[in-house]
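The chain below stands alone, shown as structure tokens; this is the form predicted alone.
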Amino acid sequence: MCTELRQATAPQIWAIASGKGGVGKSVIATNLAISLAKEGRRCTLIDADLGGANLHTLLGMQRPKRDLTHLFTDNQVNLQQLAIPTGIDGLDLVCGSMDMLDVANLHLAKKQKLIRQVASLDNEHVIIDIGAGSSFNSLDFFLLGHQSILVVLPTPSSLENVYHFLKAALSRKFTQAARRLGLSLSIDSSALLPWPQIEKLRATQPLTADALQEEVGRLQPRIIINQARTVEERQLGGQIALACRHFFNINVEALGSIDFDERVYTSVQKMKPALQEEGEFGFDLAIHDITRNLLDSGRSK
């Protein structure tokens, strides 16, 4: 596309993470991107699962010759140049890095370069598939999203990990916000949450404390329950949201649930996304509902 025709506004970023691996995060990210494309939205899907990139495989594509490695090693390359067509109208892919041995421990300058360029991509939407866990890389990509989404399985280990992830994300958000305001603060290990420190700051710098609280309060994660099998499991998103609002004092929302479906497993084995299969089944309907919920939420912000 000619530079004269590039969009004037930055893309909407959907960052998709998980507290642990194996919850279906990449499958959901891929199919959400396809769903956006089916809605007529132009989307770039970024494989930011550093060290474990596999979105090209889920899409049934050959591994591209150029991936994020080239962004980190060649100053002449930008992120837009790495976005390749997927064969799905309206959807491009930036393949994750697999050749850099230290990519999972990305240097700060390289991470900042990637973050800066995500916002300059020439598309309406960007979906970032983030590596599992709560490393600083994963947290920073998660906090980059206009919509920050956590995929959770209805299992004890996944539920435990989502709380650890959100606590880490809240701490990271607080530290970043404090730094932007010129404050040298981090989470007090005795407090674990930022709010007591903000109240302490309010005694001497009330306006700064208000600005810090507002910035931290912008963390509003969304929860997707994946592979639900019962009514109780479908309702877990709302229960997680309620618990997080109570314990963390942040606005967490249940985005929806996706029922377990053996055909999704089959689609992964065939390297053909479920939304590209003939016919429509429960997974498709759930993904389309979640897509529309996110689009509606984005319009209301």
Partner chain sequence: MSERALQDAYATLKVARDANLATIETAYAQHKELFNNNSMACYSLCSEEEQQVSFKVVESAHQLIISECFSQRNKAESEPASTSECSIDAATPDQGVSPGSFLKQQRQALDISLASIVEQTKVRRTILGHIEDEVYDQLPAPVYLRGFIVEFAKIVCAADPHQIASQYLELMRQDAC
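Remember, it's a predicted structure, so these values are computed and weren't measured experimentally. Positions refer to the first chain, counted from 1.
Below, we refer to the form predicted together with the partner chain, which is not included among the displayed structures.
Within 4.5 Å, heavy atoms only: does P156 come near the partner chain in the predicted complex?
Judged by the heavy-atom cut-off of 4.5 Å, P156 is in contact with the partner chain in the predicted complex.
Evaluate E124 for contact with the partner chain in the predicted complex, applying a 4.5 angstroms cut-off between non-hydrogen atoms, and reply yes or no.
No - in the predicted complex, heavy atoms of E124 and the partner chain never come within 4.5 Å of each other.
Tell me, yes or no, whether F248 is in contact with the partner chain in the predicted complex, where a contact means a heavy atom of each within 4.5 Å.
Contact with the partner chain, yes.
Is L242 close enough to the partner chain in the predicted complex to count, meaning some heavy atom within 4.5 Å?
Close contact exists here: in the predicted complex, L242 approaches the partner chain to within 4.5 Å, heavy atoms only.
Where does the partner chain sit in the predicted complex: which of 194 to 202, 159 to 167, 113 to 121, 131 to 139, heavy atoms within 4.5 Å?
Every other range fails; the passing one is 159 to 167.
Counting non-hydrogen atoms within 4.5 angstroms of the partner chain in the predicted complex, say which of A37, V268, L275, L236 makes the cut.
Result of the distance check: L236.
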